[in-house]
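For reference, the chain that follows is the form predicted on its own, supplied as structure tokens.
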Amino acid sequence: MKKLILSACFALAGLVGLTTTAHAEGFTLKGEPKIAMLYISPTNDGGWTQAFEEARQRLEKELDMKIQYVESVPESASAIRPAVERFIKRGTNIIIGTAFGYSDTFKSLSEDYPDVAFLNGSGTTNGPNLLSYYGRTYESQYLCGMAAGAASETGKLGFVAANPFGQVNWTINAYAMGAREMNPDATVTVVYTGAWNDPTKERSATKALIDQGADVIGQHVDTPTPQLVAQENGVYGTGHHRDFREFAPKATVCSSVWVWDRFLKNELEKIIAGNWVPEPHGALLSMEQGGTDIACCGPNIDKEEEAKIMAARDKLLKGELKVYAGPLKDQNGNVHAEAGEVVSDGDLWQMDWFVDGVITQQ
């Protein structure tokens, strides 16, 4: 995910609903809905933005309406504001962003254009006509961890990550817990590249993990490079953002995939219906709510193992399985959830600890 520097402060600053009509307390469009999307990267980036583009195409069919878009809009107000205002001048009244770095500008724009609805994927700002949203990626990564644990012959897994932020660490921990569900002795060695999209660093990190004995490579970076390197070296891997079997079919055993249209269809229908009241602190989406899902399963996973993974998926989709439920301790024995408790969202965003089996390398 591009430039996503979310941390504990993703306690998204929210506001209460604003009355926009005489009979309603929420936001109501004036005129027929016209939707546009802003992408931070090219639509064929293979990861984060392409997942949004594929969701846009599905939404056009599901909503039976055209959705305009512009790609490669950088995270600066000088680029974001003109792009949005061009759409508004053409009559667009629903704007969807796709980047953390759009947050402040979208907040300002939502105040300047109170008759326009704004949504922003991975954003941190909210208001009476602005909703930011993100997904609980640890759920799908838990399932990919199960696949990795099943596919591994050695129990030594590697993980290529961008930055040691809470929402990256929660994927790593969940990945390790999923792997240990299949192999209690599994370990996950993590290398942080310091960048969301740096194929050169990702290649070096992946090769180093393979040289250290990892036979399955997980990832939380924006490109399919770790999967490509895994395939080149005859090991397995799990993808992030999209189904990376497209790039490495012989290596990819599972991918955590965004399914933004599942959430956006419902939210856009609420906006179109009128009296829309955005969640005051933003939307953190479970698999059940349409955040992520998995594309599974690839090579070296037998039918019994696949059935176990898909049974866990079914429980997550029904809201019956909580990944971060107690009793839960970190490597130092600190308790983060007692039996019967679930780690709070605030603590998830601040996650700077690791479960047993995780080995971190900078």
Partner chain sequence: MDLISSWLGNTPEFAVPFALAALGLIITEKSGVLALGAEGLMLVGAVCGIGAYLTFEQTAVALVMAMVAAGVVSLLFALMVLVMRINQVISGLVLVFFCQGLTTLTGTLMGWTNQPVPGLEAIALWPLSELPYVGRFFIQNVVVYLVPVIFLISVWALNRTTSGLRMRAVGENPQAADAAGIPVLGYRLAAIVIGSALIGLAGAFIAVLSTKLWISNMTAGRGWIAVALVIFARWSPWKALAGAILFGCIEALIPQLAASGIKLPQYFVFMAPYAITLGVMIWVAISKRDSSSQPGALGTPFIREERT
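Positions refer to the first chain, counted from 1. Being a predicted model, the structure only gives us computed values, none of them experimental.
One more form of this protein should be noted, the form predicted together with its partner chain, which is absent from this view; the next part is about it.
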In the predicted bound form, the one of L109, L228, M182, V257 near its partner chain [non-hydrogen atom within 4.5 angstroms]: L228
Quick one: is N173 in contact with its partner chain in the predicted bound form, heavy atoms, 4.5 Å cut-off? no
Applying a 4.5 Å heavy atom distance criterion, does E75 contact its partner chain in the predicted bound form? no
Interface membership of T92, its partner chain in the predicted bound form, 4.5 Å heavy atom rule: no
Is T193 close to its partner chain in the predicted bound form, meaning a heavy atom pair under 4.5 Å apart or at it? yes
Per contact check vs its partner chain in the predicted bound form (non-hydrogen atom within 4.5 angstroms), the hit among 26-34, 40-48, 314-322, 53-61 is 40-48
Give, in sequence order, every residue of 172-211 that has a heavy atom within 4.5 Å of its partner chain in the predicted bound form, or say none if there are no such residues. T189, V190, V191, Y192, T193, G194, N197, D198, P199, T200, K201, R203, S204, A205, K207, A208, L209, D211
